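One chain follows as structure tokens, the form predicted on its own.
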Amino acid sequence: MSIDSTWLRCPNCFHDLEAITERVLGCDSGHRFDVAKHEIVTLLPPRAPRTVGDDRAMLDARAALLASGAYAPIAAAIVAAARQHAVRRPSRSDDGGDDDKVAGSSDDLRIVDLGCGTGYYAGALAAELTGASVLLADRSPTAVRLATRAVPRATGVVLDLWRPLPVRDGTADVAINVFAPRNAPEFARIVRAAGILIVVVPSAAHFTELRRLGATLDVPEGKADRVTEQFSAAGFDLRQTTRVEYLLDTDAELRVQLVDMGPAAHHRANAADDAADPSPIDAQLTVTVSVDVVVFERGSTAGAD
């Protein structure tokens, strides 16, 4: 079984999950969960909404775009923040844990990608911080399957980010949340004291050129400030905000990928919109990519009952 149950708790009763058999996880209350043939497990709470997350078309668009290197500067900023934390973090034994690994080593580092998508950013972290344990979490089963291919030996879980997470308290050293739903109280609960949360949100300048053409949704001013308020209220301390902004030369195909990988794809009104590119098919267009990479540290009392 590729599932590392030390990450997980039951979505029904919140007791720890353990391996019952080679293909089944369970808790001491008797709840059981099958590990799928793709080596992922679905841990949804009772009466979970029938949403499925990003569909295959959105994920394929995202995978193609990310494979082109278009968002490599964003991945690099995430890796830099996580690497800085790995160097300065205390060992787990320093905060009451039973791990005697040397501080600064990535061998005992635990990374969770909350809204993992295709696994691109978690894969970049795993490549840099070798030896780390990785949890990939998303509402879309297709996304989790793709992500586990991108990050071998990672644990893949289908869950609902809006609900209490089936993840144990204080189990993550580094959590990342990239263009994904944010559940501040639950993120505070699963990140250990002095652990970090890296949140990536678009700035008001993101995709300015595409918005002028009506191809994508507006981004309100001050989004990073609102995210900071949200997580500060949950007990996180702001450590730094880094603006990653650059110009991306695009053709019609890349522009379609930029639009279809994000929430604007959900707002297509009809089939004609799906095929529409607001500029001539062979035209080149320079598009602004602009995001804020916000790094928080979890305070010692965050997430406490």
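Sequential numbering from 1, following the sequence displayed. These numbers come from a predicted model, not from an experiment.
The same protein has a further form, the form predicted in complex with a small molecule, not shown here; the description that follows concerns it.
Against the small molecule in the predicted complex, the set G115, L159 and F179 is in full contact: each member has a heavy atom within 4.5 Å. With the partner omitted here, the stretch from 138 to 146, 166 to 174, 230 to 238, 79 to 87 that lies within 4.5 Å of the small molecule by heavy atoms in the predicted complex is 138 to 146. Contact between G26 and the small molecule in the predicted complex is not found at the 4.5 Å heavy atom cutoff. Proximity of Y121 to the small molecule in the predicted complex falls within the 4.5 Å heavy atom cutoff. When contacts are judged by a 4.5 Å heavy atom cut-off, P45 does not count as touching the small molecule in the predicted complex.
Although the partner is absent here, R62 sits close enough that one of its heavy atoms falls within 4.5 Å of the small molecule in the predicted complex.
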